[in-house]
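You are given structure tokens for the same protein chain in two forms, set apart as structure 1 and structure 2.
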Structure 1
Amino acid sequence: MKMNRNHERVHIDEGNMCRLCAAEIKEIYSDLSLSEEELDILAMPRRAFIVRFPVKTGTGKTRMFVGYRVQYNDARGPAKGGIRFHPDLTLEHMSDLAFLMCLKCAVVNIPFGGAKGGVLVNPKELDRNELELVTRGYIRAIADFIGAFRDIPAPDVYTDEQIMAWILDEYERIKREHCPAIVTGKPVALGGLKARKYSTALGGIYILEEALKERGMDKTGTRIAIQGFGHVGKNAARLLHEKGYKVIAVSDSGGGILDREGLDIPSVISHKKTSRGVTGFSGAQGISNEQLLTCDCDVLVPSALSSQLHSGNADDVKAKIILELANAPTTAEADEILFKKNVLVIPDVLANSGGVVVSYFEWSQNLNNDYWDEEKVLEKLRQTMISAYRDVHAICLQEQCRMRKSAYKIGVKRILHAERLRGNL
């Protein structure tokens, strides 16, 4: 469904549209006075397809696998987005994530569109050899639709730099040429960047530090709680601890821990390695994930699942700033409640965009057969993130609106401007 000029819902091709896009664009529809043509361009992905490919498993039997890829919009540059291996993948969900990726690239002003894809599989049920065969089979199935100037994959849920190396190798075998820019998040030895592993967390921290300055909050007195202790959350905790912030609470799927004097994050990381969870850490109070979200802290960092902050708990949130390192951790209802409480919510399309920014640096260097040292990468990441934050925050102040709304406005305007320059509007 979409909206006409009278804000009434009118029918379009529901089977192909992005429902998340329709819901999010509704928030800025009136302010931007979007035409029906502009809404149509935004509401549906340019390309979305399903592939099926055979793989001979370790038992010697052939098994058919299903893969997806959605290229949402490429007006600003080649599509860019992760590949995930997960048993619950759907084409609709891939479309939602590709839309968010498209917005994210526009908000931080890098020349990419948005994409997302993956294979419908539980990687925990595959051995390493089978995982490689599935990866290579998927790339053979989509090779004609990706490329350094068409669609550039990257790591996502249950995929890593080794899988990106297999993608690179299989694609180069098919094309019979060296083309490292086809994929990002690769091992450093194959043209990847060391900073890519922690760039999502660090990019968010650069933005958080700007927000703290805006609010006159001092580093030493700032108490931080982090929900999620996976790749992003763990790196965020580690980096914040190294910078001198007081991380008072962290959690993972098994529960959380709290120490109002500040957790020793390196010791927590070591504890999780041995016990496979953060709970039971010596000297810390055990808490639930729900209690972490409403604990007495200054900054809350959701870095786990979607929809963790909702109408049922938003009123109880005590944090002054929320840094969304997870994708869509705050529902629309919670966003409204938090805005009325004067809580600054730094939205995911801005807060967790550090990964794609460093992916852009990797892609650029691969195309130029160049390599930057880590210090240069981090400085350019800092500059890009701070510039994006200031662009979004300026509109936020000018229009007295939520930061999410201002970020979406910037992203949508930049995408439509590119479409207009191309003559599509």
Structure 2
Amino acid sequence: MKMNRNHERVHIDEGNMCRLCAAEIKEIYSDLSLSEEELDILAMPRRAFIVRFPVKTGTGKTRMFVGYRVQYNDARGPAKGGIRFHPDLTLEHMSDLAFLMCLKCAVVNIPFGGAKGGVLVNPKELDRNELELVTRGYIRAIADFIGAFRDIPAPDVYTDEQIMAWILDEYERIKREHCPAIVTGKPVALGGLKARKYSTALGGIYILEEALKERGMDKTGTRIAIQGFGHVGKNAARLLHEKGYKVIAVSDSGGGILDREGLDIPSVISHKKTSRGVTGFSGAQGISNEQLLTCDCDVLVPSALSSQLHSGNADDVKAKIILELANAPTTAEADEILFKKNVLVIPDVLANSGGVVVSYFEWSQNLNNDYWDEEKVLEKLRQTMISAYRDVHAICLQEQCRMRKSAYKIGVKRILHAERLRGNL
């Protein structure tokens, strides 16, 4: 274990900086010969807090809710990151994801730091009115710590544009003035961008298409399996299907479906609307989420929760490319196994950054009060994604290393450069 100048423990040895990416950071630490000060500045979040707030539920009883927010680093700009509603949140996991947000914004070179937060709740157990009250209660609890130039929330797991609209409204009520740039992923009528809804998926597809070219793989015949059918997974399936790829398997928390001839995605989407899940889709074989991850396909797209690919199943993965649309879906052990199997893992900080890239466009348009048409948004998204892919790929070629490692290197270097310019190093 290392000690810094103040004789505090420097957390890298215990992997506390980001439990999800400790192995990479450790390698980068020695590859880039980072000093102890450089390491120390990234070792812990700048601010991490827990709030508790009361909500009067439908039964008339008051229930206390717990919320978190972590602002990991803001050297490159205001902290930025999603808010999730989920029953299994921990402050540590929020901190790991906030660190990944810092790297993500740095990798795609947008002027934001990284944050993440959420409320410990199963949103499926709340009615619409309770969901609104929980959202408003959470924002009242954190309002003093967020802001258009401080920390800007966005959608994440189980939060959507309606929730962003309530966030906007609650914040503006507190501040008693309009402030559209306080939150991104808002409805269009409140200053949001239409493309934000599907930009995480589309950004990932732009990257995937570059990788397919690189690997000499052809669109026709590329079979794709997608885990997760929330905003990101569903839009990825829809857009890939529209572009002519064969999506052979999809799943949600209730299980998955497989059709080797390719699923008719628009019909799967309507089926999910009426039956609340993808399972039971006629003509397709039912499979588990675990089977989906190891099914015979060319591209695997994890779009659900973290740590889905681990040492127990990575060896059985048959895909040649993994596009990480979820945050941290692959553990470090699995990453190593996949690298040895010559599977190209396109890491989350690159693959799913299309969401925050369009959030950046939304934020800057809100501030300038100057709105682009959708075509321009998509073209700018494409340019940003491809240029980030090329930066990352160049290092992979030079150093013959994993894509995750080269992306992290770019991110860490850019954050430390900003810290140095500020005089913090």
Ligand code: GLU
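As the structure is a prediction and not an experimental result, all values here were calculated from the model. Just so we're on the same page, residue numbers count up from 1 along structure 1's sequence. For the two forms, the rigid core is made up of the largest set of C-alpha atoms that agree within 1.5 Å on superposition.
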Structure number of the form predicted together with glutamic acid: 2
Y158 C-alpha relocation of at least 2 Å between the two structures, rigid core basis: yes
Core-superposed C-alpha of I207 shifting 2 Å or more between the two structures: no
Displaced residue check between the two structures: R238, CA, 2 Å or over, core reference: no
Shift in Å of the F53 Cα between the two structures [rigid core superposition]: 4.3
